[in-house]
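First structure 1, then structure 2: two forms of the same chain, each alone, as structure tokens.
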Structure 1
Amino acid sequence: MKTKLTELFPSYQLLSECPVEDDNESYIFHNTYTNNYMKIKKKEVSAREFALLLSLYKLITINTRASDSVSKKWIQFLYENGDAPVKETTDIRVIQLLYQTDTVKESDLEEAVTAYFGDSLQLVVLSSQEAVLIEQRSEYIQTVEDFSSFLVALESDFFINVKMYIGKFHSISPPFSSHFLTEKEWFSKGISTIRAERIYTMEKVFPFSLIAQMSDEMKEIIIKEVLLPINYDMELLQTMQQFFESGFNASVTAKKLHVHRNTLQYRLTKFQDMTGLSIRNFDGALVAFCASLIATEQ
């Protein structure tokens, strides 16, 4: 595929990250399936080829608006270790947004962000499909629930499917840019490993990443000791996973799974009986959690 594209378009470049700078001479297309970006010189693309590429991929418009704007400063800060746009003693985190449409107007998105978060978050639009929200550490830190509700508001008003990565707070002093670029990588990893998810964090992506790197021998042990005894019962595994994600709290787990507490208790006991793992202990829970991830991966 790559060779054929290179034959057609000699300037063709496959990128894992969306370019920040627009050279005005190239098209950037986003392959939403593989989450890669393709850069091709405009002069090499005929009208017919452009139409074909457009039907297969999303055309990305890099945000080059207002070269001296606050956004521009933030983009330079995030990507190129530029000067910090806010005072250097502050901790900030970056919330990345990826939306698969190019119909969102920046001013509309800005209005939604202000209406939702007030002045506490700064919106920086990176391209026609990507934006970031910058949050400074303050008395009130936005919660996952706040962001989740914001995504729903965007879905119902803008009719867009938004994916989000909530970064960690770091001091704004260098090397903040490297934190941001690492988090961008984690976001990409998350999207490719847990596609149905909408809000990603490092702690959500990390276990999946760990399983992806686990040796086959280690996986075999877990399959033999956990997955085969329960006959890959996905209902049991999802129950375990929800139990762990709910902090071992049976009431919260039962509520999230929409089952009666007794049903949950029955499933937990059944899992323990079949595998011999004591899931209320950290060691047993860790193995059970890995088992549920391996089963999902398979």
Structure 2
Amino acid sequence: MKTKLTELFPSYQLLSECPVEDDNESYIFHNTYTNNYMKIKKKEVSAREFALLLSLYKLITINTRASDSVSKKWIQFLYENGDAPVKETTDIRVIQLLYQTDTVKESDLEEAVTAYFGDSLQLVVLSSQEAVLIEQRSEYIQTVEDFSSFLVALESDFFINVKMYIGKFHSISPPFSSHFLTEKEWFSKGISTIRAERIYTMEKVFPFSLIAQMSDEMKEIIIKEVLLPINYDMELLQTMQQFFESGFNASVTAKKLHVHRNTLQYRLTKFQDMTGLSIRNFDGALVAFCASLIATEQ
């Protein structure tokens, strides 16, 4: 595909990041499947080709308000290690937003952020598809539950469907930009490997990245020892995964799976009988968790 596009459009560029400045001479298209961006000179695109590209990709318009002083300073700080718009002693984290909705009014997003978080988070719109929330470390730190409720409100009140990556707090001193760009990579990995998720973190993405780098030989061992004996029973595997993610807490696991505790105990026992692995100790639970991830990628 890349070769064909290059042949059609000599200026074609494949980008991992969305440009933050508009040169007014190029189209920017977003491939939502790979989370990459394509830049093509407008003069090389005919009306028919433009219509075809629109049917395959999303057209990105660069935020014209990024020239406003605060937004511009944050963008320069995040992408170019420019001066931070906050005190040098401040720890901050970046919460990335990727819109799943075709058209998002910036005013709606601003209204939603202000209504939900007040002035505790700074919204910086990067493009028609991306924005970030800057949170400074304070007495109260927004939780995953807070952000989850925010996404529900966005969808129900403003019809904005968003995927989110919650970054880690770091000092604003250099190299904060490298932290941010690394988190953007993790976000892309998460979107490409865990499509059903709405909120991503390093902890959520890391296991999937680890499985992706696992050798075929190791995967075959897990398939032979775990997946084949249970005949790829996805209900069992999802139960094992949730039990692991819930810290081996049966009550929490049962609640998240919406099953009776006795049903959970039955599944745990059944899995152990079929595989010989005890899900109630860390070693067995880890193998079962890896097996659940391998099963989902096949």
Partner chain sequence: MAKMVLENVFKIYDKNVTAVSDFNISVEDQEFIVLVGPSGCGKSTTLRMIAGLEEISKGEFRIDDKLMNDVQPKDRDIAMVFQNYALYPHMTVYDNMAFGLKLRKFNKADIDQRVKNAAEILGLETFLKRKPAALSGGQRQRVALGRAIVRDAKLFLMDEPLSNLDAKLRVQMRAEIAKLHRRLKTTTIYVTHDQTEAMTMASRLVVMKDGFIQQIGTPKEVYETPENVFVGSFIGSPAMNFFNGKVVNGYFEVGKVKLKIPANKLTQLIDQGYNGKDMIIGVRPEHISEDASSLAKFAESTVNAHVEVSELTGAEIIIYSSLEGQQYVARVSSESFIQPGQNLKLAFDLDSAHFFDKDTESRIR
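If you're wondering where the values come from, they're calculated on a predicted model, not measured in any experiment. Rigid core here is just the name for the largest C-alpha set that superposes within 1.5 Å across the two forms. The first residue in the sequence of structure 1 is number 1, and each one after it adds one.
Structure 1 is taken from the form predicted together with the partner chain, while structure 2 is not. Core-superposed comparison between the two structures: the C-alpha position of H260 differs by less than 2 Å. Relative to the superposed core, A47 undergoes a Cα shift of 2 Å or more between the two structures.
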